[in-house]
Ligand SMILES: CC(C)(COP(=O)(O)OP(=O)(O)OC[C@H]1O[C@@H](n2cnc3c(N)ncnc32)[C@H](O)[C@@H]1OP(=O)(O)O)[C@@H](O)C(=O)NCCC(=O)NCCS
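Here's a solo chain for you in structure tokens, the form predicted alone.
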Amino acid sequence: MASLIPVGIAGLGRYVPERKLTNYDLEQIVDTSDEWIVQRTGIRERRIAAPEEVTSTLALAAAQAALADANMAADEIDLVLCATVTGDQPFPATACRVGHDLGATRAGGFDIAAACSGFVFASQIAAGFVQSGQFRNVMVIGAEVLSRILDYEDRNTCVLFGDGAGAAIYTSLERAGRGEYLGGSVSMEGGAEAILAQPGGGSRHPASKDSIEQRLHFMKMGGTRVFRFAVRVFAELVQKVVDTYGRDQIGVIVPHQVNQRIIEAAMDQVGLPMDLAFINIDRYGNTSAASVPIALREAYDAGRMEKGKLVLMPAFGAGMAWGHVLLRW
């Protein structure tokens, strides 16, 4: 049996729309306040896609930035994976549009619909393809335009989410020279549609006059259950890495930016200081599948990646589904 090819990250990219929607803006739309939002979530503003921007627009910009970072041409990409729950349309895959617009003429592509866990799941798929030798260079993108499925009459959801995209190119460690992939995890507990979901639009509730009147095409969330779930699984994911590698090996934790209070509670539960985690939720809110790759690029730009240290990316969300990716930088 052939040995597995070591995998690394050759390039990182991010893109966020120009328009900012602040908490003060939301005060004019729904019954809420800046103080209420900041106290409960840590969010101060989020980005909103322009009318002419769709998910593939944001994904393309992030992918182009990752190619530039990797000093790689688009036709070197063998596979495009797009993690999103807000694709340009139900089908074909948004990855196909991005690959076409990117000029990835040799690539195949498909989408991963795993919501907030999408990027870490797609990263593990990419790493597996590279490890096996089936593909050399895999573009992984997390991209969302969540503002198009938010109910701006529901203060429990509309204050939390924003739009954006992030990307990473997985290739051989020899080519990448950084970000060695050490492994990850994928977990789920099904039957949780009532906790966090977009009920309308699929075969369960196809588009109809009734589904529109019931506002089923907007995101729905049971906040208290999500909070408890997220704290538990975040703490478990981090604790397993600490138990395996030791606390002193962790250079930075780049979590899904779900809610600052959730991150604080989980970090406290495992006895780690908050300054070990990279947080940007105050500026972007929760961008679902785009959250981790946007934060990963910004953590890199901020000099948070210490050579030889671990970079841990835990994520959790709709499904309920959760997992992590672990790198050694």
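This structure is a prediction, so every number in the text was calculated from the model and none was measured. Just count from 1 along the sequence shown to find any residue number.
Keep in mind that the form predicted in complex with the named molecule is not shown, yet the notes after this line are about it.
Checked against the named molecule in the model of the complex, the candidates Q239, Q214, N156, Q249 yield a single residue with a heavy atom inside 4.5 Å, and that residue is N156.
Interface residue among L160, L81, V145, A127 relative to the named molecule in the model of the complex, by the heavy atom within 4.5 Å criterion: L160.
Using a 4.5 Å cut-off to the named molecule in the model of the complex, not one of R14, Q64 and R97 places a heavy atom inside that distance. The candidate stretches are 24 to 32, 296 to 304, 51 to 59, 264 to 272, and the one lying within 4.5 Å of the named molecule in the model of the complex by heavy atoms is 24 to 32. Of the heavy atoms in M221, some are within 4.5 Å of the named molecule in the model of the complex. The named molecule in the model of the complex is not approached by A167, whose heavy atoms all lie more than 4.5 angstroms from it. Put simply, N259 is close to the named molecule in the model of the complex: some heavy atom of it is within 4.5 Å. Of the heavy atoms in V140, none are within 4.5 Å of the named molecule in the model of the complex. Contact residues in stretch 285 to 320 (any heavy atom within 4.5 Å of the named molecule, taken in the model of the complex) are N286, F316, G317.
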